[in-house]
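One chain comes next, on its own, written as structure tokens: the form predicted on its own.
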């Protein structure tokens, strides 16, 4: 009997080993496919101008031109562009974390008339692509009273167009962020806020002192997603911004595209530098990212 069990155990161990090796090969192949475009960007950023016009594709450059990075930043005021993107992203993310978590707490823990109907309207908002409402937003932002030369009726000037307000205020809150925070707060035991109410704590105190410190995973998740969306947003600033002084990094990248040619090596060099803040944010918050996604879906 022992002799019959040993071959079975060996066979099972062999199958597990083969399955593990197959998974490793598949994951390695997927990783390479995902990283290959990034490798193209990196190697293109250090190629010389003559190599960019060759008809035959070559991954590795013949001449490594690291001075492309300094040459790229001679096109325009990149210090100003980075300041604009950084300022807009930081203010938007901080305001979004506060407003989305506060709204999520209200929908998850507070009882008020029409709560479910209002939340349903927020969910409907997730189904509407923001590109379809850019024109109405443009009209609203242009018609802000007493801003940008407008009169009390919102006429005569440009309102909030071509200002930081136009790039920050519309993104301070969002349906997805509220949904994510609401789902997370549903997973917290009700005994916590019930005990706090017995001690005389008001709803905002419960939110600020009890729920918000527990919400680090979901807030880190929301911060990563919001930072990536705000920093990489190109279409919305393209519509709302007309002055070069208000350009974000993404708008500034189009400077390398001429009427007939594109300076691909300089464009890729500037693009590599532009993604560094996103990499830093992800590295700082990655340990909370998966936990936030998992815990926010425990209860509906």
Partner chain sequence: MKRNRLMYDYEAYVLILPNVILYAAFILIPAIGTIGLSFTDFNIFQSNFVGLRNYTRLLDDARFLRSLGNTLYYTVGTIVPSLVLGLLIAVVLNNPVRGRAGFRMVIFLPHVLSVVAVSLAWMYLYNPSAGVFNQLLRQMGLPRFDWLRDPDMAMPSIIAMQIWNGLGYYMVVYLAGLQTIPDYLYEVADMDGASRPRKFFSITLPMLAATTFFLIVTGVIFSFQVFGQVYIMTRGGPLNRTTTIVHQIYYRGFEGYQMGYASAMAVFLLLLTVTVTLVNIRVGRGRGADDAA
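Here the structure is a predicted model, which is why all the values come from computation and not from measurement. Residue numbers count along the first chain shown, from 1.
There is also a form predicted together with the partner chain; it is not shown, and the following applies to it.
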None of 213, 189, 79, 136 but one has a heavy atom within 4.5 Å of the partner chain in the model of the complex; the exception is 136
Every residue of 64, 86 and 243 near the partner chain in the model of the complex, heavy atom within 4.5 Å:
no
Contact between residue 279 and the partner chain in the model of the complex at 4.5 Å, heavy atoms?
yes
Give a yes or no for residue 68: in the model of the complex, does one of its heavy atoms lie within 4.5 Å of a heavy atom belonging to the partner chain?
no
Looking in the model of the complex, any heavy atom of residue 14 within 4.5 Å of the partner chain?
no
Determine whether any heavy atom of residue 232 comes within 4.5 Å of a heavy atom of the partner chain in the model of the complex, and answer yes or no.
yes
If we take heavy atoms and a 4.5 Å cut-off, which stretch out of 69-77, 105-113, 214-222, 146-154 is in contact with the partner chain in the model of the complex?
105-113
Which residues in 20-54 have a heavy atom within 4.5 Å of the partner chain in the model of the complex?
20, 21, 23, 24, 27, 28, 30, 31, 33, 34, 35, 36, 37, 38, 40, 41, 44, 52, 54
